[in-house]
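In structure tokens, one chain follows: the form predicted on its own.
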């Protein structure tokens, strides 16, 4: 038989197209009608793989979280501090690669498998290191708040590149603020690293 002109529809293909659409145009752009058009199929054919649009969104979100490395928890080579640092960096990298889906991810893992595996790894790693379960839960929540918050937007990108926008008469300490936008990635990454190390150092004091 001749090969079909279009690749057969699959869950992976649907998820990849949904994530690409969200990356390009944001969460509001995702609809089953638009997704079907992007895939060149009829809308009802999507329901052979996903019951609802929300199920597609869940799968797209879980694909992003599936890129987060959690192997450092319980590997015998990292103490809890090193594990938190490496995990948080991997977590942020996964989210900043797909910033438009971060608001959806910020609500928690629900029943998404990769999200639950990440929560299980972090909680288990903290408890095995000696943290009480209640505090281990709080640490996982704290780190999620910090990482997702850092990926929701850019501080440096919120400034314009026009030096005249920051009149010294009004803003005497913002004479160099116009330079921030040109160094957005560097400033935001350094700010994340500063905050991350402060959090882990503070937790180390509590642990003692």
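Think of the rigid core as the biggest set of C-alphas that the two forms share within 1.5 Å after superposition. Since the structure is predicted, the reported quantities are computational estimates derived from the model, not experimental observations. Positions refer to the first chain, counted from 1.
Just so you know, the form predicted together with a further copy of the same chain exists too; it's not on screen, but the next bit is about it.
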- Message: Taking a further copy of the same chain as it sits in the predicted bound form, is residue 10 near enough to touch it, meaning that at least one heavy atom pair lies within 4.5 angstroms?
- Response: no
Exercise. Even though a further copy of the same chain is not shown here, does residue 172 get within 4.5 Å of it in the predicted bound form, heavy atoms only?
Worked result: yes
message = I'd like to know if residue 146 sits close to a further copy of the same chain in the predicted bound form, meaning any non-hydrogen atom pair within 4.5 angstroms.
response = yes
**Study point:** Interface membership of residue 120, a further copy of the same chain in the predicted bound form, 4.5 Å heavy atom rule
**Key:** yes
In contact with a further copy of the same chain in the predicted bound form (heavy atoms, 4.5 Å), from 28-36, 64-72, 174-182, 41-49, is stretch 174-182
All of 141, 160 and 203 with a heavy atom within 4.5 Å of a further copy of the same chain in the predicted bound form
yes
Contacts from 76-114 to a further copy of the same chain in the predicted bound form (any heavy atom within 4.5 Å), listed N to C, are 103, 106, 107, 109, 110, 111, 113
Worksheet item: Superposing on the rigid core, does the Cα of residue 110 end up 2 Å or more away between the shown form and the other one?
Response: yes
The CA atoms of residue 108 and residue 53 move 3 Å or more in the predicted bound form, ending up closer
Checked in the predicted bound form: CA of residue 72 to CA of residue 108 differs by 3 Å or more, atoms lying farther
